[in-house]
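Each of the two blocks below gives one form of the same protein chain as structure tokens; they are labelled structure 1 and structure 2.
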Structure 1
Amino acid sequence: MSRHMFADRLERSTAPTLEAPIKCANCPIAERAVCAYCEPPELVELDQIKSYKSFEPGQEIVGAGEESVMVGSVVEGVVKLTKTLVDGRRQMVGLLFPSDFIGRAMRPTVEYDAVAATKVVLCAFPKSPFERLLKRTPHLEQRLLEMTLDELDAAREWLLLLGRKTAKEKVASFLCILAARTGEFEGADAGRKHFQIPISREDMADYLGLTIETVSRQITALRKDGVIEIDGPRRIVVSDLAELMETAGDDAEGGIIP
């Protein structure tokens, strides 16, 4: 796909439904996003070049091999990253959550397909103006470097999960990530969280290196153990966060939980 076709796709994406216009100073992801360390004048510059883009579930945001013309932060929703193998099969290689950065500054092309797993809102920046701002803004450059290193650490932890953990630990670890990144507490109970699994069982199996049947069995086992509750096709309620982390082989001081 050409640069112009990708730009047209972004332009055709629908505007997000927001109760009020979001400014950088009151953005819901401001403390975790790439702009977290920016000073007020720098936020003003970012505010001048940003735009919000909305994508429906299943809609491709950008494809591998395309010229990179936009970068940005996920404001709402979950983005699925996939790679097409030589034989035509697609492998899911990652998920992006609110505050995660999509795209690569200083890189000419995109390496992975990015598809909206849920309804997604992006805070998007044209790549060239963003790169110019990056070069003269140490706070922005430092934050982007930190996020890149965090992503590298997470990838290494994921290699550990795929290579060393049992099927039950893998599924529990994945649910821990979702609880940490997208879960909401149930009332005043700090021990219970609920969230939607944003991808299909097939994608989940591919991501964890398991079969669909194994994923289903392990989710059922966690339910029978009282660690989680299943409320509908994809809604999960974590009854005991500490127990889920223990099942995953992690603890509050480390592991793969972001």
Structure 2
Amino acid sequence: MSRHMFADRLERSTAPTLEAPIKCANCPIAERAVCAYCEPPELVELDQIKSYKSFEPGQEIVGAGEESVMVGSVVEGVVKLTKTLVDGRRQMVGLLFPSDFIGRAMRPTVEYDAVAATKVVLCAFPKSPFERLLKRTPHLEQRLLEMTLDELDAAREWLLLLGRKTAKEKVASFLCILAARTGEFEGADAGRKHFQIPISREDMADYLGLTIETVSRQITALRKDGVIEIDGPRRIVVSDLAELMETAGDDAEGGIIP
């Protein structure tokens, strides 16, 4: 995934005239707010205050307790949000993929650490003008509300996972979520699906409330069960998606893959 690939995708497909909406790769905020036919002034303003920011793997984007000054969208890469107890125990509380909203609109401070899990490109807006724009642009506010509701739904599914699932179910659930979120960009044929795990075992452990050793053992167990195949620590082939979902413990019709 080279830098010049990013550059390509970030090119606007059209100029920001009032006649045509702006295309902003993987940034639904800019893309949707920018509707030339209903609110021309906002469109240009939002486009003008946006900027792209890049981060290396492991680099901190913003830390817990800091003042919230930017909001935006993930354009490329994966961002992890984590909370840490005084003695160092860490729990992931958010995992953001391209097109996800990042930042805390309408809140003064950040309550978690946001760290790049891979190379990351953000489409960022300064918080104050974005909020002013938000108040004047109902359909933008509505869009933000919908994204927040999505995150809340995901968080509630996550609570169930952390509180009541076994280690094996946790790992299987995580792979299901990954298959749903990243698999769309990769191969899939008749129940088989292959994709990259974009984060380390340590990050998986922080996501699932486990240790890296347990994560590793459960992945091995799933391989021995014939549910997945492994090609290097980061490359997964799901042999039978239905069986993986069975192992994850959710209802078969449960909406993991919408």
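Owing to the predicted nature of the structure, the values given are computational and were not obtained by experimental measurement. Sequence positions of structure 1, starting at 1, serve as the residue numbers. So that the term is clear: the rigid core is the largest set of C-alpha atoms that superpose within 1.5 Å between two forms.
- Between structure 1 and structure 2, which should be identified as the form predicted alone? Of the two forms shown, it is structure 1 that corresponds to the form predicted alone, while structure 2 does not.
- Message: Taking the rigid core as the reference frame, tell me whether residue 61 has a CA displacement of 2 angstroms or more between structures 1 and 2.
- Response: No, because once the rigid core is superposed, the C-alpha of residue 61 moves less than 2 Å between structures 1 and 2.
- Query: So, does residue 51 move by 2 Å or more at the CA between structures 1 and 2, with the core held fixed?
  - Reply: No, its C-alpha moves less than 2 Å.
- If you line up the core, does residue 70 shift 2 angstroms or more at its C-alpha between structures 1 and 2? False for residue 70: its C-alpha shift is below 2 Å.
- Any chance you could measure the C-alpha shift of residue 221 between structures 1 and 2 with the core superposed, in Å? Its alpha carbon moves by 2.6 Å.
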